[in-house]
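Okay, so here's just one chain, in structure tokens, the form predicted alone.
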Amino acid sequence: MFYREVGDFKTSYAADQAIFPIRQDRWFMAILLVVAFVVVPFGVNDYWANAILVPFLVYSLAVIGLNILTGYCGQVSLGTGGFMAVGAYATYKLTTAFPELNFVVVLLMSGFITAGVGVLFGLPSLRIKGFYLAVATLAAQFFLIWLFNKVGWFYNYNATGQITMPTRELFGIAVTGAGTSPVVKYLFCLTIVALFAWVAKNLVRGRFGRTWMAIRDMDIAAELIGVRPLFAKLSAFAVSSFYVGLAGALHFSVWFGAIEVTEAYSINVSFLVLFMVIIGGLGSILGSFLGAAFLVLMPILLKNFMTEGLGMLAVTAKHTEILLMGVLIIFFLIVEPHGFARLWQIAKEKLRLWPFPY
């Protein structure tokens, strides 16, 4: 009744293979985009932009990148924070070395630089997998953070070791810098995330996605039917690192504006993004957004409830928040190991048969 394919006919293979083949899904996505681009900006202020919306969008992009590698290709990575740092420092060096370069070009170049670094550190995946690959990517995390912290060229020999994003404009409107409007920050990040989420959705549904999933499900059988492990794994590392590097570039340039690498891109960031992938759902673009929304919004809700509703001290509330987040993560993994994306899929299946028994 609420969610039906009845009367939704397809007259071509292309129509049947559309991203949203069901009319209800197309309408829902259209309404969601209109609300995000047209309605939400009217209520955006500094707090909503810097504490909720921009963090959600930045982490969503990073989670999509890690989901491509881990969820679709089955290659475990604990180096997300390091690759985000590559994107951030590439953006800083490009903007300071080439101030006349268009900012969108800078972001894309930062993504490609991170993709190259990702391929380099993805080479061990050709010989090792599972826990051993996770350790190799963890080594990449520590090496990259050490490199950016110790080599002065990366932060232009600043005495504090901090990098600061200069003001950059797009169509005459400042998108980075201290005076950037929160609405501009939000709309700029939203445009990039929406565009690259659409690209990722098409990638995982095409030839690349099929080769990644074949390697994930059974790499030996995939190789026997003609899938090249070298191409599949390294392409997954490249695409994943591109997305993570782009997220790191936005994290530094649009969200924070000034960072210090050991604080901004520590191992905690790598684990946070991995938890978002697990909670949202492995191998799901929608799950990437759901996982990012949960781990960005839930701490804020818990903190406000404990400090304002229960009157806790800020320090006590912070420790309780960390404890409750861990308990909630364990609870959701027990209830549904495949994440929020699977819960949404089950809900749609029930709606298809409602009001009949499922």
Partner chain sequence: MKPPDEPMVGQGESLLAVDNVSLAFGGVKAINDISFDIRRGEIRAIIGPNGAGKTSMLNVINGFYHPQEGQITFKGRTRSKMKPYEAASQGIARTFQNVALFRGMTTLDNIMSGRTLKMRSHFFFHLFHAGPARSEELENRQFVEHIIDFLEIEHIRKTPVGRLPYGLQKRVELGRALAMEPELLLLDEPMAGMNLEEKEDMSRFVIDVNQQFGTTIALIEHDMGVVMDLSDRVVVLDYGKKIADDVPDIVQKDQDVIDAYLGVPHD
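The structure presented is a predicted model; accordingly, all values stated were derived computationally and were not measured. Residue numbers count along the first chain shown, from 1.
Quick note: we don't show the form predicted in complex with its partner chain, though the next part is all about it.
For N202, a non-hydrogen atom is located within 4.5 Å of its partner chain in the model of the complex, even though that partner is not displayed. At the 4.5 Å threshold, heavy atoms of R342 reach its partner chain in the model of the complex. With a 4.5 Å cutoff on heavy atoms, F143 does not count as touching its partner chain in the model of the complex; it lies far away.
Among heavy atoms of Q17, some come within 4.5 Å of its partner chain in the model of the complex.
With the partner omitted here, the stretch from 220-228, 125-133, 84-92, 102-110 that lies within 4.5 Å of its partner chain by heavy atoms in the model of the complex is 220-228. Shown without its partner, this chain lists L234, L138, V183, A214 as candidates; in the model of the complex, only A214 has a non-hydrogen atom within 4.5 angstroms of its partner chain. Site annotation in the model of the complex: the residue of G116, G206, G161, G177 reaching within 4.5 Å of its partner chain with a heavy atom is G206.
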